[in-house]
Structure formats: C-alpha cells, structure tokens
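A single chain, nothing else alongside it, follows as structure tokens in the form predicted on its own.
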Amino acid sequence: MPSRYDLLLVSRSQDSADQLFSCLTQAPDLQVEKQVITNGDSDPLRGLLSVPDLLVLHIGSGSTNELDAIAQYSPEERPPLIVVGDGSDPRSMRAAMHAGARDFLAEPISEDDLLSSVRRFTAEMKPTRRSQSTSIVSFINSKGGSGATFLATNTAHLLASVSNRKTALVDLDLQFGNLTQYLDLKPKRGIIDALEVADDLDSVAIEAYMTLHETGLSVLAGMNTDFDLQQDLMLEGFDQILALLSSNYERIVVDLPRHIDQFGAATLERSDRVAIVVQQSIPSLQDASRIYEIVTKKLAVPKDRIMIVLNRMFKNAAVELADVEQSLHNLKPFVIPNDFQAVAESVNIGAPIYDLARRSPVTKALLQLTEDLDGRPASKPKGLISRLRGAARQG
C-alpha cells in the first residue's frame, strides 16, 4: 500500500491557498500539490497528467465556475472532492453537491475540521489499496420486507462455505437489524461496541467483535441497541472498521437499511457491487428507481456496479419481468424464484437454506448469484476427510 496520498489544492486566492497548504502539509500521509488559478480557465483538472487521490477546492463567495467545470466530468473521471467556501451561499452549496462534493467546509475554517475531513477520505481509500483482492457487496431493499437480509445472509454463507472465501457479514441496520437470527447466532459484541473503541482497534483486536458461524463465516452484528448514535462524530471510526475488515477478509457482504444514513453512504461509495432487491409491484419498482438515482447520482457510484435482484419471482404476476427491466434503466434483473415454504423454514429456524433445502430453486439461484458476485465458479465445500488430508499435507 502506498504510504502517501496525492492531494491537489486549488484556489484563486494566493493567501487562502497558502493557509490551507500550511494546514494540509501537517498530515504525514499526504503529498500536497498547490495550484493557484490566475488565468481565465475555470477547470481545476485541465492539463493534469494524472488525477489526484483527493481534490480540495477553495472557492470565493458567489463563485461556482470551478464547480460547474468539475460537474462536467463523469463520476468515474473526477477525484473525491472537498470544497471550502462561503457556507451562507446556497448557490455555492448546490453547485458543490452537483459536482459530487463529499464535504463542504464553511469559512472561516479550522485546521481540525479540514484535517478530519481529509482523514475520512484517506481512510476510505485504504481498504482498496490495502488489499486489492477484497470485494465489498452491499444489499439494500427497495421496500421493507423485500428480502435483502435473507439474500445477504445466504450469499455470505455460500461465499464462506461453498466458495471457500474468508468472508465477513456486516449488519448495518443498527436499530432493527435481525441478521444474526437468520444464522441462529447470539452475539455478545457488535458494531456499536467496536465503534466505541475504533481508535484502539487493529486487525487482531477487531476479531473480538465478530461472531463466528460454524462454517467459518464471521458476522459483525448490529445488536439492536438504544445507543444514541451520532454518525457524523463516529464516521471516521466506521471508516477504520471497514479498513480493518478489508485487510482481514476476501469478501465483505453488507446488509444495509433501506434508509441510507452516513454509514450506508460510506459503504455504498466503496462497494464493488450494490444489489438493489425488488419485488413485482409498482411501489417496489418506484422506490428501487429512487434508490438507483441516489446511489448513482448523489453518491457517484458507477452504474456498472449496480445490479437488480428480483426476489420471489412469480411467473403470473401482473408486473412481469420485462416491466421490471424497463422500469429500472433497462438493467436485466437477476431472478430469485419463489419458494415460500423452504425460505420460511430457513428463516424461522435460523439455518442457511443451502444446508436445509439444497434442491430448492432458491438455493440453486443463490449459488448462481454467489458465483456472479464472486467472479469464479463455486467449489464443493470441504468435508471432514478433505480437511484432514489438507492438514496432513501442511504437517
């Protein structure tokens, strides 16, 4: 992993550029370049030989030219953006949002606020750089009860037990999450506990907050506490936890609440795949389209990372497969058939459906979904004899 990140600082004011530069160079993991715009060109990215890891843009009061220029780039072409400007100017703040800014810091700015904002983004980049083999898959319901938790849990189970991937499953529904019940687990610790000590965690200590399933799947539980969670104050700690999980696991599966909060947004922005779970109803498709717009436009997640999963498919439903595809930007949905009895039994007794009903059409579909998300064909799970032989070879 590179030890330093390239940050480009751009301003039309020499004094402001010097002040911000002096602050940013205090961070040891930043390589800061300063650019003062003195000509008529408003595009801070024009002429750059390489795109920086992070762009800090200072704008004057009422000035949106630089932001308008950045907005012309596609989300894939522009770097993460922090804007420093007049917090009382709504036009500048709207332009910053349109340009995909992840933070807007109002002047006069404190050094602590600027460095804290920058650290959040360097923490976001660390998981990708730390382990190029790590992949994050996020599941989110279009409407409540669409089945995202069931799909996330069983996909993670298959990644661990069938694909033999070292896998972590994360429950980000911190108020009503019940993911552990799908695996009949009773966690003693969870993500809230980890957040409280995030600054002290390392790749070894984080494992104390995971709950281990018999298949080897590790679960970071939501715990359903009444903890008064101020996510804006704990976002840096959450970034640290994701970074640690990315260093320890090959695959991370996240079950997101339908309401996209700050933790959810941070997760979606770095997800390699985002599975929006829908059902065959007009309200479900309408909400799925809204989530798609939020994820691709406001969070700037590339469209090729989005997939639609149609759960509980009925052949004779009023809303047909073609309607789903047409309603959701012509994305061909991945279909999970309906098998109410097998799924209900799996959920009620807390057993993965692969272990309970291996011949169910839902199980077969989930195996294919897991292969698609993992990028390689699933292998057969290792039995006792295979594990003993493997241990003998290592010995």
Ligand SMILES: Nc1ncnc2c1ncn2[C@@H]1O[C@H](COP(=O)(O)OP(=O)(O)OP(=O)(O)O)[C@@H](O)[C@H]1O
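Since this is a predicted model, take the numbers as computed values, not measurements. Residues carry their position along the shown sequence, with the first being 1.
In what follows, reference is made to the form predicted in complex with this ligand, a form of this protein that is not presented.
A.B. asks: What is the one choice in 219, 172, 148, 81 with a heavy atom within 4.5 Å of this ligand in the predicted bound form?
C.D. replies: Looking at 219, 172, 148, 81 one by one, just 148 meets the 4.5 Å heavy-atom criterion.
A.B. asks: Within 4.5 Å of this ligand in the predicted bound form, heavy atoms considered, which of 32, 328, 336, 54?
C.D. replies: By the 4.5 Å criterion, the partner-contacting residue is 336.
A.B. asks: Considering only heavy atoms, tell me if residue 349 and this ligand come within 4.5 Å of each other in the predicted bound form.
C.D. replies: No.
A.B. asks: Using a 4.5 angstroms cut-off on non-hydrogen atoms, would residue 344 count as touching this ligand in the predicted bound form?
C.D. replies: Residue 344 belongs to the contact set for this ligand.
A.B. asks: Considering only heavy atoms, tell me if residue 311 and this ligand come within 4.5 Å of each other in the predicted bound form.
C.D. replies: Yes, residue 311 is a contact residue.
A.B. asks: Residue 362 versus this ligand, in the predicted bound form: is there a non-hydrogen atom within 4.5 Å?
C.D. replies: Flag for residue 362 set to yes.
A.B. asks: Among 114 to 122, 139 to 147, 183 to 191, 82 to 90, mark the stretch whose residues have heavy atoms within 4.5 Å of this ligand in the predicted bound form.
C.D. replies: That would be 139 to 147.
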